[in-house]
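Okay, so here's just one chain, in structure tokens, the form predicted on its own.
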Amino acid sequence: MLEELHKKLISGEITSKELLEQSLKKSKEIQKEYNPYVTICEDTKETEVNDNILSGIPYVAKDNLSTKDILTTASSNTLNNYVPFFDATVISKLKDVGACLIGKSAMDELGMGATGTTSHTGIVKNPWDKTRITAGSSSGSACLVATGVVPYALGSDTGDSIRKPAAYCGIVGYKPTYGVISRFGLFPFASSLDHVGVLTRSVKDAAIVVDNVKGKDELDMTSIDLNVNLTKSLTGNITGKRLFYIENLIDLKNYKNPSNELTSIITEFKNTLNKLEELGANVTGINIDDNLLQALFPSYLCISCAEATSNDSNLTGIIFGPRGEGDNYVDMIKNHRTKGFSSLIKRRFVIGSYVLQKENQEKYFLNAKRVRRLITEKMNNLFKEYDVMIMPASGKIAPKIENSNDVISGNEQVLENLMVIGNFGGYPSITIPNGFVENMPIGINITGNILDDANILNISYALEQSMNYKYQIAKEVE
């Protein structure tokens, strides 16, 4: 898609101005239907097309990435009038190569959600079925790529916030190794887990975008160099590659009354494993201790909420954002935070404050970090023997909006939150489409070792080439 667009721009078959006009026109149509934007940048100007593939091509950025002189709210009422005076590094890099930012996408408030229903601008609806969620928190970015408004969008991923929306919307979602893309200018949620990444409609497009924005940044001390051209690494040859999956999570015998959705998703997953073997890969099922797997989500919740409580303590309404009411600054801050945050955010902050209390740290926060260490040690050992882990991206299709807060437990909960492993270890991780169940897209996730981004992309690319889900555009089924 990106290469094709670039060729058309170079040849003069289409101009950057025409491409922008088409995207902006479609943006308004899609906004009415699915509500994926916080801001549409209608005054965006075309750029000069040069040798860079991204030049002259429109894209969208998640609304928690700082954009100079453009409203940036992180979809929260506490920031509903905040206009930054600087660009995030990833925005600057795209600006330098001539990419055209046409809008800021809606998200779950402050990135702390998994449904796309908590933005201060309203619910982001799934473009395959507007009665269903997109997942979150990169909900708007996923919707805009899936509907063909833009060929790629920026997102952030703290637990699965790029990869789960990609699965529910039938597109590609890729978060590189921790630090490969600078986080300078990303509004932090949980700093030890936060990644910047991309959503596209093909693996190659994901590689192209990340090749343009990766690299060490003096403004982000956690950033690192990945000295490999990801796009050129896409050979499609995976002969001899070793993949593993967690057998105890895809054995239907381990689920009480498995739903038809789960049964179909696991069936499709097993078909994909067979396809990988036909492509020359070796696929092995392994078991991981159920106790460790069951501890994944509560540990993630403790760590992420604790870090969020600390990171967002500056959202007082005093420094920036709408001022609260009160006779003194304490009352003003209380009023601002009480009225400004949704109930979900308040719950997260309560949990974070609780686990950070001195009397609770050992039992909750420190134990959560021990679980994180245990799971990363387990994964690091597995990556000595295998190249990547492959698993379903979810055990269900996108839920109906009214059912998006259902409580799940047991192995179903583990399968829904398994991708947090990629954030615990900072591993590169990508979700690609894996077909349809009940007319809704499903995905698979491939996660690899630190800095082995080229490997996970090439395996995903080979698999994608053997299927028919590249460049698909969402179409509602009547």
Partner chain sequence: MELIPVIGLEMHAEMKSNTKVFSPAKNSYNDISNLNVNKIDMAFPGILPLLNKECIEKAIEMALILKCDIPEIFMFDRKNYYYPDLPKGYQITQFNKPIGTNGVLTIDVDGIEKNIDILDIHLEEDSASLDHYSYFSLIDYNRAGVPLLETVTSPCMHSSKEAVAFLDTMKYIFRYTGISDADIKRGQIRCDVNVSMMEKDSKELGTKVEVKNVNNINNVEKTIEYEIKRQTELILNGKKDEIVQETRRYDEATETTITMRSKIDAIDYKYFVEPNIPPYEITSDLINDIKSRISILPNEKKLKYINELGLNIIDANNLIKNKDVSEYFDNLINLGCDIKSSVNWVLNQISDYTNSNNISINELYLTPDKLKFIIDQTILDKISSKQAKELFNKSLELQKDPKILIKELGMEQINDIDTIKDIIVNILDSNLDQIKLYKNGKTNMFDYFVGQVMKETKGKANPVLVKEILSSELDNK
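Residue numbers count along the first chain shown, from 1. Since the model is a prediction, treat every value here as computed from it, not as a measurement.
The next section is about a form of this same protein that is not shown, the form predicted together with the partner chain.
Put simply, of Ile286, Leu292, Leu252, Leu219 only one has a heavy atom within 4.5 Å of the partner chain in the model of the complex, and it is Leu219. Of the listed positions (Thr131, Ser353, Ser233, Asn282), a single one reaches within 4.5 angstroms of the partner chain by any non-hydrogen atom in the model of the complex, namely Ser353. Under a 4.5 angstroms non-hydrogen atom cutoff, the partner chain in the model of the complex has Arg337 among its neighbouring residues. Though the partner is left out of this view, Ala306 does reach within 4.5 Å of the partner chain in the model of the complex, counting heavy atoms only. When contacts are judged by a 4.5 Å heavy atom cut-off, Lys384 does not count as touching the partner chain in the model of the complex. Taking non-hydrogen atoms only, Ile265 never approaches the partner chain to within 4.5 angstroms in the model of the complex. Contact with the partner chain, judged by heavy atoms within 4.5 Å in the model of the complex, is confined among 268-276, 362-370, 167-175, 138-146 to 362-370. Contact check for Leu79, Phe184 and Pro188: all three have a heavy atom within 4.5 Å of the partner chain in the model of the complex.
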